[in-house]
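Two forms of a single protein chain come next, each set out by itself as structure tokens; they are called structure 1 and structure 2.
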Structure 1
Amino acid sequence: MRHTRRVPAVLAAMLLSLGLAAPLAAQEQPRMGGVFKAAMIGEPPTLDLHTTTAVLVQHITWHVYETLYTYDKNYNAIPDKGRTYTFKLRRGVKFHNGKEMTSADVVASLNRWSRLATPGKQLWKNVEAVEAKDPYTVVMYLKDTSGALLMGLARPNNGAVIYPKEIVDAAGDNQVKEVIGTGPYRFVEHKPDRHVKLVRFKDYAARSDAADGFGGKRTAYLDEILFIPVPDVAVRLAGIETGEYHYSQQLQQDQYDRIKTLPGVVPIIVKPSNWSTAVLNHKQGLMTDKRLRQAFQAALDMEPIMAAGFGNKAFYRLDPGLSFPEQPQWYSKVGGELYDQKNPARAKKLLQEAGYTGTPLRWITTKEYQWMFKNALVAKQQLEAVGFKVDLQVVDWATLVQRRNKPELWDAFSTGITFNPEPAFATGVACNWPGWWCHEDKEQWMAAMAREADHKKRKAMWDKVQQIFYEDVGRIKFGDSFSLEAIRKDVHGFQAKNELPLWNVWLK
């Protein structure tokens, strides 16, 4: 039997995270206008969201592109247990080129997403077909029931955004040539090392229901948004202090007390932000040897690594969970005895058993995220103390994102695994993401978790994955981190979240 349930498509974007900053006073009314200047950590490696998990790209493009579903304030999409899904599209939703969005655009975009995106590849293992029934109806047929389909479609990072069919057809599996979506802001220009410029989309088809998390009504109050690459963290801080920028991301946590004293500036703590990690290359090179991965893991003392990266203890914690304590429905300490071992003797023994002869471990990191560089620098010292030779390669973020797709170029790279409400599509354990950790038992548990609807059973499966993560050393988790950002006090409606949603934001 195929069970069909009709579910309304939100056509919004999707995201997660936590609290609000700069609350809107009751007597103040939002106003239209102004140019919002956001100081970002660097250049985006692409503006094609289907092709990257780089959060910087998501920060910019989800104002331009939208997905079929989004998360509400509790990070929920609409659950379902059937194998056939019918999506009814809203009429009159226009792309930025003036064309109305139809089911043909949705089907073409979802099929491309399934080929190119990390979560799309994972989700499509259980998809039999997707088809356009009429211009406003899309039907998806699953091979089996799913406990995670709609959460996958609602995921913001590397998300299932909808492009015009003709742009998808022209790009194929290459980068899209035109940045066109249905979002509240439309793309105008990208001037490398200067800005990405978005402007209000006057024909945006906003929903009428109240805002709820990332869903509901979205209003583009701002005339323009300029996403400005500012790789130097000191310049980002100086710019928010002088008022040159309305928002500055990824500030140094040891500047928190000073920022609190700055007139006109509101400091923001995003908690949790991510877990800091070294991603190991399971496809090629040194780290294909499990004993070397275990030696890497055993050598590390996480407290000085995290202290170097984040300074103030209010901005980090040592914890083995692949999900955060703020996610009690998923959080676990299973496998935690292998986390933060600080056991140089075991590391040296494993190196000897592996016959390690001093081949350099090529580790790519970046100073654009200062914490990534400082985490890697201290870990390098600890690894070299037990006998590893580490070649730390410092590049800009866009270069790191490009290089990590080429397994012949590296053995480890720095990144952060961001807050994710649906473990079935977690980048931190994905087989088809750079690092290519494709452990057979882990893949079976992940596939079972994606199909299962009962949460208690799904949680037990996620615990199995976490145990294998530590035993096989899927990645190296250093610890949880909380980011420090800042906005000017004339910014209203700002949500202190990892994803930087700037609709419903206005300038006093």
Structure 2
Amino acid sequence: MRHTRRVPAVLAAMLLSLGLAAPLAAQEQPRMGGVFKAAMIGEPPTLDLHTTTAVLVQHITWHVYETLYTYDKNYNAIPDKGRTYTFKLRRGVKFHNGKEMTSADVVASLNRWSRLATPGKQLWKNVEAVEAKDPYTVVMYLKDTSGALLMGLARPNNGAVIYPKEIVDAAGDNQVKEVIGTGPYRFVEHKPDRHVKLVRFKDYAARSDAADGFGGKRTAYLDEILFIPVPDVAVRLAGIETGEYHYSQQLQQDQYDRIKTLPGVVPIIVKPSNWSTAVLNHKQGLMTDKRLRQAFQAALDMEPIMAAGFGNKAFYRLDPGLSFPEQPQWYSKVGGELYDQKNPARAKKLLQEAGYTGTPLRWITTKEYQWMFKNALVAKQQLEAVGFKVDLQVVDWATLVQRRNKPELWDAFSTGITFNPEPAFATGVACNWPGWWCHEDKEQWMAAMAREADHKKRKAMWDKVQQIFYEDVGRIKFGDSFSLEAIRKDVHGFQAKNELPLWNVWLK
């Protein structure tokens, strides 16, 4: 069902560093079997992917659910120039309950996704209708051309996954009651704080073309996957060391040198992972004054900020790009002269011009992600050195994500912008997201980019957005960061990706 390539394939390449994946997938014959234990950072808040942008939910559920499209190894899907898209579904694709997937399921799922999912809502502004032409054909009519449609449908996070129609109908806008998809692994049980258990789906209808990125042939080599919530990072590390887990996510970067020396353990650097940022409040309060935002931007020296947050140099990089250097088709240094200015004199001058009288800048951060707190702490010192008064409010993550929706409560908050292959969905510049950075020109470029199908033109538009990001100080980017994970040596076919694809992975 994935990659129903009716639409002509185009596309520029971006070589995502497969460096790590390749040597691990040695030239050996893959073996079926085994229980794969993955130590995850916590509990998934839901298993209904339509309703959440939480990465952990994507990590688990995308082995169960599938989208119509997915990304190849270069994070490309396939755009088209027209306004009508015809999707031919593969025949014989079965759901885990035995039912064959047809266009009715696809239409029901896409409609629900367009109502509930953040990227779905955004994409559907441009969708006129979706209809089932016959059991194996779905047609989508757009109001205008779209360069982002297929990238949107391919998106794993909060993705347009296909559920059986009955389940969609039963749930409506509430959480789905059953976890049934068409993926290579079938959901068995969720025992909270113990595990989410998936087993191989025997009737999985795999594609025949070779695996490429997340697409092509998906094989469930493992008998079983257990996603185990292990909130304590020291325990995730100890567990990979003793072989209790095959995979541990989000380890502390300062442990890298030690992990390299552990027998039986392979450290994995996931690159790129995200860029850490302070989101500024453009709706209300201090930061609505552009000069104050510019002073904030001018005052900072990013090296100590990132060093405090990520410790080891292998895990951070100073770079102005809104897309990562690993995405050459989108990456740019435009506006970079305003990044990492280390110019306290200019900051002081701007503060003076703005007539800043010492109103505290309320910055919400959290220790749940240590790097957010440490970034903020060092930045606070630098800001205070130029004359800002900073009120750093340290709260737990749940409090942060709630407070950030209330513009009257804050001037800045800490967060990370995760890797995103399609700029049209970039949270980093979104207007309808906390911070409410709605800039007339930027919105126009973003809208134009969503419609445009020609990649060159789209890239030029994205550059414009980045230029405005720095000139208007949309947000403060500190730098790129990479995450540290680890697998056991007997794990083969592992891809070092943010999305954690575990099909085609096998145990020796």
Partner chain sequence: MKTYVARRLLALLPVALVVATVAFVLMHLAPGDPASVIAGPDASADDVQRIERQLGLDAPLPVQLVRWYGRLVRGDLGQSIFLRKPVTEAILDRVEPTLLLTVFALTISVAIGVPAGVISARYHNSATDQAFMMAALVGVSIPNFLLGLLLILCFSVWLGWFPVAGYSPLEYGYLKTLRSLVMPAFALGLVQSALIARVARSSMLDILREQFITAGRAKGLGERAVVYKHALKNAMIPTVTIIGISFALLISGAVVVEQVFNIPGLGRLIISAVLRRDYPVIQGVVLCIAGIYMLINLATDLSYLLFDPRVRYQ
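Nothing here was measured: the structure is a model prediction, and the numbers come from that model. Just so we're on the same page, rigid core means the largest C-alpha set that superposes within 1.5 Å between forms. By convention here, residues take numbers in order along the sequence of structure 1, the first being 1.
Each of the two structures shows the same chain on its own, and it is structure 2 that derives from the form predicted in complex with the partner chain. The Cα position of residue 47 differs by less than 2 Å between the two structures after fitting on the rigid core. Residue 92 is not among the residues whose C-alpha shifts by 2 Å or more between the two structures once the rigid core is aligned; its shift stays under 2 Å. Two rigid parts move between the two structures, and the turn of the smaller against the larger, rounded to whole degrees, is 20°. Fit the two forms on the rigid core and the C-alpha of residue 468 turns out 5.6 Å off between the two structures.
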